[in-house]
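Next up: just one chain, as structure tokens, the form predicted alone.
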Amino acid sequence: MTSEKPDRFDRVDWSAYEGSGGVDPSVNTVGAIGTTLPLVALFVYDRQFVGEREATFGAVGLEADWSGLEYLFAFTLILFVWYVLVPLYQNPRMTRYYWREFTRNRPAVVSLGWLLVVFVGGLLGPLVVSAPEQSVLAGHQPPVYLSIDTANVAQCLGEVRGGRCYGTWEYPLGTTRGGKGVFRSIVYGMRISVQIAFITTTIVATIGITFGTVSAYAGGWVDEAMMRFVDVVLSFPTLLMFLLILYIYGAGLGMFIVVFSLFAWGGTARYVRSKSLSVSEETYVSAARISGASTTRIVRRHVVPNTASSIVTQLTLLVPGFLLAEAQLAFLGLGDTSLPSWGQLIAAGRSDLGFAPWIVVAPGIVLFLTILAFNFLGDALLDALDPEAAAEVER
């Protein structure tokens, strides 16, 4: 009994693999769409049937009220699960290899643990910890094991010894001038930081990857025109645009994310273009092109997947810049004062540094550790996912 010989590579019928020229969605894409549909249904229900003063989940006894930013954040989490976590599960051998390379960098492992604490705290913290509330009588309470002169507090909630007020476990990290718990504000600030990290990264990745890939593969005058537009984006004063929009529409976290994301994708587009140009010159891409594979298939199956590792590391190193920008604007009083972000908390304590330094020190340390962790994580991912790029940097 003779067996049928497999087709030679140069005789592959690519149209049969492409579904007659259509787009064949992957399992991850189908899963992402299927998970997004209930979120869209909830959004429509919230906008059409829930009153403005009613909570989104009030029908089930929850007081959570979602804004448009919360829905966008939930959508980015869906994309993260289906396009980052699920592929790691689908490729266990490669995942084990990446993890083995990653764990060689001990500071990066510790940084990953800290970022997981920030992520879980931002995601679940508001469900466990009540929101910080203002109470003038509880203002300037010191952290546990620290003390402050009783002349600087309206009412001491802890023990008083020798004319000094000592901290209590009700406010483990002390309180602000207005009586808001620093620990609770830090937990709620974690959610703000996680939203900035996920939403900005998603927007920058979507625009940057699309723009860079199209520019690299189109070539010619299209590539030249697109890169000159990137030059314009990179040279545009983002802070000036944010101040202009702030003056017209007012401050808000959503506005900050949109403005800084729309003017931060230029570097990613350039990076993706350079990586795509190198990948498009590879032998396997040329063989696929000669064999009749369409441009869409080459980009989807070869160019984008083989540049993904470098893109991940580049995006990871962008997040600290966004977190620091939000903190700087909040410290200058240019952010939304109603948000319990780390920058707002630092700004609230700058006038009390002489006798209540914990208001600034606690969120400042958390912000510093988070930014440092992202930098350590980015360097480790660069070594693990793209060793060739790491070797070039060392040279």
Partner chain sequence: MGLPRYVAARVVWAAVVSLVIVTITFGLMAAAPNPAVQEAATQAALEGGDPEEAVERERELRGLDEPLHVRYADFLRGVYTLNWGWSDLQNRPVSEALSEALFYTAQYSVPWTVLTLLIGPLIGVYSAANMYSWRDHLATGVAFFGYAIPNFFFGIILLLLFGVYLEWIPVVYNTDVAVFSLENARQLAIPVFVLVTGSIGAIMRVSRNESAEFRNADFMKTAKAKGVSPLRAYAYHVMRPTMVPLSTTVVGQLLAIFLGSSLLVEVVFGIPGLGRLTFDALIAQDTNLVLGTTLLFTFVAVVGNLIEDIVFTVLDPRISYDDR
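Positions refer to the first chain, counted from 1. Not measured: the values here are computed from a predicted model.
What follows is about the form predicted together with the partner chain, which we do not show.
Enquirer: Within 4.5 Å, heavy atoms only: does residue 350 come near the partner chain in the predicted complex?
Expert: Looking in the predicted complex, residue contacts with the partner chain include residue 350, since a heavy atom lies within 4.5 Å.
Enquirer: Residue 77 versus the partner chain, in the predicted complex: is there a non-hydrogen atom within 4.5 Å?
Expert: Residue 77: no contact with the partner chain in the predicted complex.
Enquirer: Just checking whether residue 364 would be counted as a contact of the partner chain in the predicted complex - the rule being heavy atoms within 4.5 angstroms.
Expert: Close contact exists here: in the predicted complex, residue 364 approaches the partner chain to within 4.5 Å, heavy atoms only.
Enquirer: Within 4.5 Å, heavy atoms only: does residue 161 come near the partner chain in the predicted complex?
Expert: Because no heavy atom of residue 161 falls inside 4.5 Å of the partner chain in the predicted complex, the answer is no.
Enquirer: Taking the partner chain in the predicted complex as the reference, which of 240, 124, 110, 222 has a non-hydrogen atom within 4.5 Å?
Expert: Exactly one residue meets the criterion: 240.
Enquirer: Exactly one residue in 131, 244, 128, 85 has a non-hydrogen atom within 4.5 Å of the partner chain in the predicted complex; which is it?
Expert: Partner contact (heavy atom, 4.5 Å) among the options: 244.
Enquirer: So which of 111 to 119, 246 to 254, 203 to 211, 173 to 181 is the stretch with heavy atoms within 4.5 Å of the partner chain in the predicted complex?
Expert: Contact-bearing stretch, as computed: 246 to 254.
Enquirer: 35, 42 and 196: each with a heavy atom within 4.5 Å of the partner chain in the predicted complex?
Expert: Not a single listed residue reaches the partner chain in the predicted complex, so no.
Enquirer: Taking heavy atoms and a 4.5 Å limit, what residues of 201 to 233 are near the partner chain in the predicted complex?
Expert: The stretch 201 to 233, when checked against the partner chain in the predicted complex, contributes 228, 231, 232 at the 4.5 Å heavy-atom cut-off.
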